[in-house]
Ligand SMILES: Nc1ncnc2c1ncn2[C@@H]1O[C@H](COP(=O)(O)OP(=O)(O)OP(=O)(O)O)[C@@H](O)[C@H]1O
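Only one chain comes next, encoded as structure tokens, the form predicted on its own.
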């Protein structure tokens, strides 16, 4: 098979040739923008789900929908290594400069530019993120240095500028579980302000399944400001579409048994489907791709997933953390009670609680309900059982 025409894209956030099973989420975002354009208020969106289900891809589609509707879309990935306040200041600057060319700024837009500059200089006094804002800073607005007070002023200013220019603005944030409680509180407060003012500005984010709880802890009214659609594995029909359609676009077919075998192995998880599709395309010599091709490619897929998807999740884990995850994996893929994991380790829940907290903080576990935890990565239990002993040591000598 021609490698240059391999239609599968198992890269982080890379859009697939055929996006299966996400019509409801895409339509929901389109309706959100349409309502705001018409002067109605609507809840912002935070998409949640495990690793590898396509949250980043969905954010990319949201961005394209916004651009197609002549909205300004600015996007960023939240990281513990990147200070959030300067990051949001830069996004606000970018949004304002895209709303309208500086030469055509109205008085309202110039005022917004002054507020953006005021916020930016407060958060990063060296002026590095004020390029293009050739106005005086607006003293007394968005310059207190308290993010919870200043961010709502910033969002209101951007929203007013957008409204005055007949545009809309959407902020798109990935990995928002890495926001601190204070940062998330400020963001929720800013969205609340724009809803109160009925401004054409909104937010769409993506993160791990603990986000609804974190947002609720930050602000009690968060559940009324946001919808939290959770995306997961594809249905059997959707998964088969995701397998077949990219190949069909290149004139290649699959035997029925081959497609079903890929679905059975991947359990419908989109990233796994892309990885398997790429591997079997490379292995197969001709169309149609057969069950024999799929079976021969399976060890290749497993090896690639182990190295590129699973192992990177644990490289910065301590031996104690690995032991905890191995004990949890021993109990299965489902959510596990903290006391049961502790029992596997011969300890009490209180003794292992710090380990569990660290793993949640690292994004390796989440808490679907009180007293329980689950892996954020699908099939992670299988990986741990393949490669780790109960002592948290590699079970493969060539991994040492």
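As the structure is a prediction and not an experimental result, all values here were calculated from the model. Positions refer to the first chain, counted from 1. Whichever C-alpha set is largest while still superposing within 1.5 Å between the two forms counts as the rigid core.
Absent from the display: the form predicted in complex with the named molecule. The rest refers to it.
Enquirer: Can you pick out, from 33, 373, 342, 57, the residue that has a heavy atom within 4.5 Å of the named molecule in the model of the complex?
Expert: None of the other options qualify; the answer is 57.
Enquirer: Go through 234-242, 132-140, 280-288, 80-88 and give me the stretch that gets within 4.5 Å of the named molecule in the model of the complex, heavy atoms only.
Expert: That would be stretch 234-242.
Enquirer: Is residue 50 close enough to touch the named molecule in the model of the complex, meaning at least one heavy atom pair within 4.5 Å?
Expert: Output for residue 50 is yes: heavy atoms within 4.5 Å of the named molecule.
Enquirer: Would residue 274 count as touching the named molecule in the model of the complex under a 4.5 Å heavy atom rule?
Expert: Close contact exists here: in the model of the complex, residue 274 approaches the named molecule to within 4.5 Å, heavy atoms only.
Enquirer: If we define contact as a non-hydrogen atom of the residue within 4.5 angstroms of the partner, is residue 384 a contact of the named molecule in the model of the complex?
Expert: No, residue 384 is distant from the partner.
Enquirer: Quick check on residue 378: any heavy atom within 4.5 Å of the named molecule in the model of the complex?
Expert: It does not: once the named molecule is placed as it appears in the model of the complex, residue 378 has no heavy atom within 4.5 Å of it.
Enquirer: Decide yes or no: are 4, 250 and 262 jointly within 4.5 Å of the named molecule in the model of the complex, with each residue judged by its heavy atoms?
Expert: Looking in the model of the complex, the three residues 4, 250 and 262 all stay beyond 4.5 Å of the named molecule (heavy atoms).
Enquirer: Under the 4.5 Å heavy atom criterion, name the residues of 15-37 that approach the named molecule in the model of the complex, in sequence order.
Expert: If the 4.5 Å heavy-atom criterion is applied to the named molecule in the model of the complex, 15-37 yields 15, 16, 18, 19, 20, 22.
Enquirer: Indicate whether residue 362 shows a C-alpha shift of 2 Å or more between the shown form and the other one, with the rigid core used for the fit.
Expert: For residue 362, whose C-alpha is compared between the shown form and the other one after core superposition, the shift is 2 Å or more.
Enquirer: So that I can tell if residue 285 moves, could you say whether its C-alpha shifts by at least 2 Å between the shown form and the other one after the core superposition?
Expert: No; that C-alpha moves by less than 2 Å between the shown form and the other one.
Enquirer: Which way does the C-alpha gap of residue 362 and residue 232 go in the model of the complex, closer or farther, given it changes by 3 angstroms or more?
Expert: Their C-alpha distance shrinks by at least 3 Å in the model of the complex.
Enquirer: Please say whether the CA atoms of residue 175 and residue 376 come closer or move farther apart in the model of the complex, knowing the change relative to this form is 3 Å or more.
Expert: Compared with this form, residue 175 and residue 376 lie farther apart in the model of the complex.
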